[in-house]
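One chain is shown next in structure tokens, namely the form predicted alone.
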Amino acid sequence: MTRRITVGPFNRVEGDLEVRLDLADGVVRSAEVTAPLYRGFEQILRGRSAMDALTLVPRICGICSVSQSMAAVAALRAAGGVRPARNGVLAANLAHAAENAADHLTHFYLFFMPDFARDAYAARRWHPEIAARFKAVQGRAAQAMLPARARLLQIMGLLAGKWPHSLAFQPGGTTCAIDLGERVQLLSIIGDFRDFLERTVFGDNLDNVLAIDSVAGLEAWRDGRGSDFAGFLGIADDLALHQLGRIALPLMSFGAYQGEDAALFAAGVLDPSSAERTSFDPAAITEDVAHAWMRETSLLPMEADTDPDADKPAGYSWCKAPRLAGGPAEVGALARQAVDGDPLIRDCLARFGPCVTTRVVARLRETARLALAMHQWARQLDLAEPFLERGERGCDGTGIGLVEAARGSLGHWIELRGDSIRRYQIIAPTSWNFSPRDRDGVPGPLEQALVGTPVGDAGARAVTIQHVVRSFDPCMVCTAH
């Protein structure tokens, strides 16, 4: 017999989330994911001055605000034909990487790992140690991570004046130039960040961590190591987390952290089943509202309007359903590292496919790569050159801003007329991962990943549901925007 349950609201998730599950024989047979909050930033932006976007969009989210700023900057830059100062690009990369790395640490220490301290795992041999370290509010790990995260975010004070909701990010670069003393501070902060990763997260030099190129190598590296990452790997093996949250949808990345020659992380689409990588085409993106509480509109983001319809009979979420070439796609750190060709992540995909384990491994692997890149960007700043170009900006036209937030691909589409915003569309990372069904009835990535999850007699209290949902690191306020 099939029975329906509702899981939610979720704690330790940014924003509001509900999941409805159909269960039979103690297993999830189908899922519907609901974003129950509507916000309306796209409507707020209509008719406003073009540059007002830089004030409004960072307020979509308090933990992804630099990502939202960067997407708006990129869209305005494309619409207005502006070329940024080289220092401005480097400074923006540094601030953006600091925010994304801070989000990865927050997810691991505060959102994901505390679930293993629950009483449901009290009989496991590792539970006493994990509970002492990761139990929500009481665990020792948060007491060590939070000061390290706060130190990392001091980068925002140096390069952006404040965080969140900084106005420093502009189409021509950034408004906060730094001097030699401030660069020394910047390098010191990045050094402290690397030290925390090496001492606490990995328990090893980052060069050694990034030299691991296979699952077998990761297993050999983990044995006997006492770090938090090694602790997670041991739990993942014991609970077979590689069997949870498995899907085989295309992995998509817009490419992240622009450089003079190429992005740090490449753009593209990877088929996790065949490991075939193809180029990314922005024109292949559509957004379906068949099961969203929205009025029908164009499928193309540049031509679509966002108008709510709270009484729509077929609707069950305020989230639309983004699609790539007509189908759902998974985004996030796993997609970024897989598309970029990271050998460890590619081997994890070959062994397990996209799942709870590979998503967490990819997120921490990316954090290590960011620490090294940030050091290089800080040294590349030319303090004698400007951080902001003040050239003329076009007042009519269209532009697309595509960036990578911590949780995945973020896009802004803008249309300007007489320097006013005629149309603005936002597709956030969790909109991709937590999308409802589309007009063909195809479920979104989380809806597919939850199918087959064992819940036993626990029903809505099953911790396995929490593991699958949190493995995507959702941000629901960005989703509903």
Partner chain sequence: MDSFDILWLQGASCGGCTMAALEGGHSGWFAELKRFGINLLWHPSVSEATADEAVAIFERIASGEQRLGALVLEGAVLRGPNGSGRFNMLGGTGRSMLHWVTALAPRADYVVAAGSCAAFGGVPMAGSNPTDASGLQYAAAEAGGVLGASFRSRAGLPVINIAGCAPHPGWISETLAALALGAVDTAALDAFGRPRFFADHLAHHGCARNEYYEFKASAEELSQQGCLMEHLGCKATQAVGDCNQRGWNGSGSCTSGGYACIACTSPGFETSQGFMETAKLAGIPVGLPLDMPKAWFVALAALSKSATPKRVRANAAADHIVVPPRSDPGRRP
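Residue numbers count along the first chain shown, from 1. Keep in mind that what you see is a predicted model, and the values were worked out from it rather than measured.
Quick note: we don't show the form predicted together with the partner chain, though the next part is all about it.
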Quiz item: Hey, of 22-30, 431-439, 449-457, 54-62, which bit sits against the partner chain in the predicted complex at 4.5 Å between non-hydrogen atoms?
Solution: 54-62
Exercise. Give a yes or no for residue 163: in the predicted complex, does one of its heavy atoms lie within 4.5 Å of a heavy atom belonging to the partner chain?
Key: yes
Practice problem: Examine residue 168 and determine whether its closest non-hydrogen atom to the partner chain in the predicted complex is within 4.5 angstroms. | Solution: yes
Practice problem: Indicate whether residue 36 is a 4.5 Å heavy atom neighbour of the partner chain in the predicted complex. | Solution: yes
Quiz item: Hey, in the predicted complex, does residue 81 get a heavy atom within 4.5 angstroms of the partner chain?
Solution: no
Quiz prompt | the partner chain in the predicted complex: contacted by all of 15, 40 and 466, heavy atom 4.5 Å | solution = yes
Quiz item: Ok, 136, 216, 275, 302: which has a heavy atom sitting within 4.5 Å of the partner chain in the predicted complex?
Solution: 136
Quiz item: Using a 4.5 Å cut on heavy atoms, which of 239, 142, 344, 373 is close to the partner chain in the predicted complex?
Solution: 142
Quiz prompt | Residues within 4.5 Å of the partner chain in the predicted complex, restricted to 146-161 and counted by heavy atom | solution = 146, 147, 149, 150, 153, 154, 156, 157, 158, 160, 161
